[in-house]
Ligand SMILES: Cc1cc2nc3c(=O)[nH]c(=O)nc-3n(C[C@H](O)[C@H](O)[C@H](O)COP(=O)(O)O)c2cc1C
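Take a look at this one chain, the form predicted alone, written out in C-alpha cells.
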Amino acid sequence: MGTIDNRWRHGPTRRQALLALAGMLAGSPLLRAQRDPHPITGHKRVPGLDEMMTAFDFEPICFANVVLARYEYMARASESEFTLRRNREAFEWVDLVERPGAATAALQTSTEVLGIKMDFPIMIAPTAAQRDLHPDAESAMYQGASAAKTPMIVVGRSTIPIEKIAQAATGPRWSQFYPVQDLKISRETIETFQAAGARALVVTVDQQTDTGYERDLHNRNLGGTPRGASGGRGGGAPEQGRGGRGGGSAAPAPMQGPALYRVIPARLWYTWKYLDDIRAFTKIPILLKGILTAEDAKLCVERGFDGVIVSNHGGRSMDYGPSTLEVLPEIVDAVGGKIPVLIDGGFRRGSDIVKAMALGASAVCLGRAPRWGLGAFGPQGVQRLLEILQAEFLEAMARTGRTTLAALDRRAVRVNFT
C-alpha cells in the first residue's frame, strides 16, 4: 500500500470530521454557543481609576503591574510578620464613639505641623525603591501628593536625585535621612536636602539590626531564585538594598561576627551626640522617626528635637513588637504637647486616621497605601487614593460629632488594648 493510501486508511472518516467541526463551532465564542457561568463581563476586566472605592482596591492592580519580587519587597515584614498584622489589628481595638450633630461640610480639618499648613492631617511617609512601581519614581509620588494637597517626606536614598524630585511639583516636602557616621558626608547630604527645599529633616533611628524575611524563603519555592548563605534570612541592610531578589553566581563569603545575628555594625553606633552634632548644621526642624517608648519621647523633648514619629517601620524593623497605635497614647502623654507627635504603621482608612488623631497624634503618615496607588495608576493613582482617604476621614469624623481637630479627643473613642 502506498503512502497516500495509508494516510487515507488511517485518516478520520467523514462522520468524524463533521463531529469535530461541530464541536469546534459549539465551543466558538463567536457563535455564543458556550455560555460563561458568570456572564457579567465586568468581572473579567481591570477596574478603572474612577471605580476605586477604598485604598484596598488599589493593591491588586498594583500587584498585577509589578513583578512578584518587587511587590513582595514592599509587602513583606520582619520574621513571621506578626507586627505587620498587629499594626492593622490594633485599629479593631479602638471604637469610634458616635454622636449626632456634625455635617461633613461643617468640619474643619486643616492643621499646621512645624510650619507646614495642610488641609488634612495626612502626609506621605518615606519609602524606598519607588522606581519599582513607576518609571518616574519619587517624582510621580510627589506629583500625586501635591495634587491632593498632601505633604510628602522624601526617602533619603531616593531612586532619582532630590533635585529632580523637587522640580516635579510644588507641594511642601520634608526629607528623610539615615545617619552616616562620617560627619562630612552627613553635612553634605543634609545641605543638599535643604538646598532642594526640604522644610524639615526626618532622621530614622530604628532598624539597627538586619531583618529576617521569612516570606522570601517561602516565595523562592514559587519560582524565586535560591539565595546564598550570606543572604541569611534577610540579607543586607533591609532598606538600603533589595534584600532578597536573587543572588549572583559567585560563592558567598561565610557570615561571621555580628552578621551571624543579623546585626548591622554600620548602624550600631547611633548616639545622641551624633544627633546633636548634625543639628549644628541643620537649619530646618529635626524629627526623630522610630520612637516607640515614652522614655525615648521624653529624651527627644529634653534634648530639644522638634518632633517625633511613632513608627515601627511598618513591621519591617522588629517582629513581636507593639503596634504604633498601642504606644501612641503614652508617647503623647510623655511629650505633653511640647512637640508634635506623628505616627505611621498600617493606616488604610480614613477612620484609622480619625482614631489616631483622637489618641493625640498631630498627623498621620501613609507608607504602603500610596505605593499601591503609584503602582496601580501612577501619580493619578496616588492622588485618587489620598482623596478617598480624605473623604473617609470626613465621614468618620462627622460620626463622632466633632467639628474640629482640637475637639477630636480621647472621648471620641473607646480603647481596648488589653
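Position 1 is the first residue in the sequence shown; the rest follow in order. Keep in mind the model is a prediction, meaning the values are calculated, not measured.
Form predicted together with this ligand: not shown, discussed below.
Colleague: For a quick test of understanding: in the predicted complex, does each of 118, 149 and 386 have a heavy atom within 4.5 Å of this ligand?
Modeller: No, the whole trio is out of contact, none within 4.5 Å by any heavy atom.
Colleague: Which of 280-288, 126-134, 141-149, 93-101 has heavy atoms within 4.5 Å of this ligand in the predicted complex?
Modeller: That would be 126-134.
Colleague: My question is simply whether residue 74 lines the interface with this ligand in the predicted complex - judged by any non-hydrogen atom within 4.5 Å.
Modeller: Judged by the heavy-atom cut-off of 4.5 Å, residue 74 is in contact with this ligand in the predicted complex.
Colleague: Though only this chain appears here, would residue 292 touch this ligand in the predicted complex if you measure heavy atom gaps against 4.5 Å?
Modeller: The answer is no: residue 292 has no heavy atom within 4.5 Å of this ligand.
Colleague: Residue 353 near this ligand in the predicted complex, any heavy atom under 4.5 Å?
Modeller: Residue 353: no contact with this ligand in the predicted complex.
Colleague: Spell out, yes or no, whether the shortest heavy atom distance between residue 346 and this ligand in the predicted complex is within 4.5 Å.
Modeller: Yes, residue 346 sits close enough to this ligand in the predicted complex that at least one of its heavy atoms falls within 4.5 Å.
Colleague: Heavy atom within 4.5 Å of this ligand in the predicted complex: which of 314, 340, 322, 171 fits that? Just give me the one.
Modeller: None of the other options qualify; the answer is 314.
Colleague: Could you check which residue among 155, 297, 200, 328 gets a heavy atom within 4.5 Å of this ligand in the predicted complex?
Modeller: Partner contact (heavy atom, 4.5 Å) among the options: 155.
Colleague: Pick out the residues of 151-184 whose heavy atoms come within 4.5 Å of this ligand in the predicted complex.
Modeller: Those in contact are 155, 176, 178.
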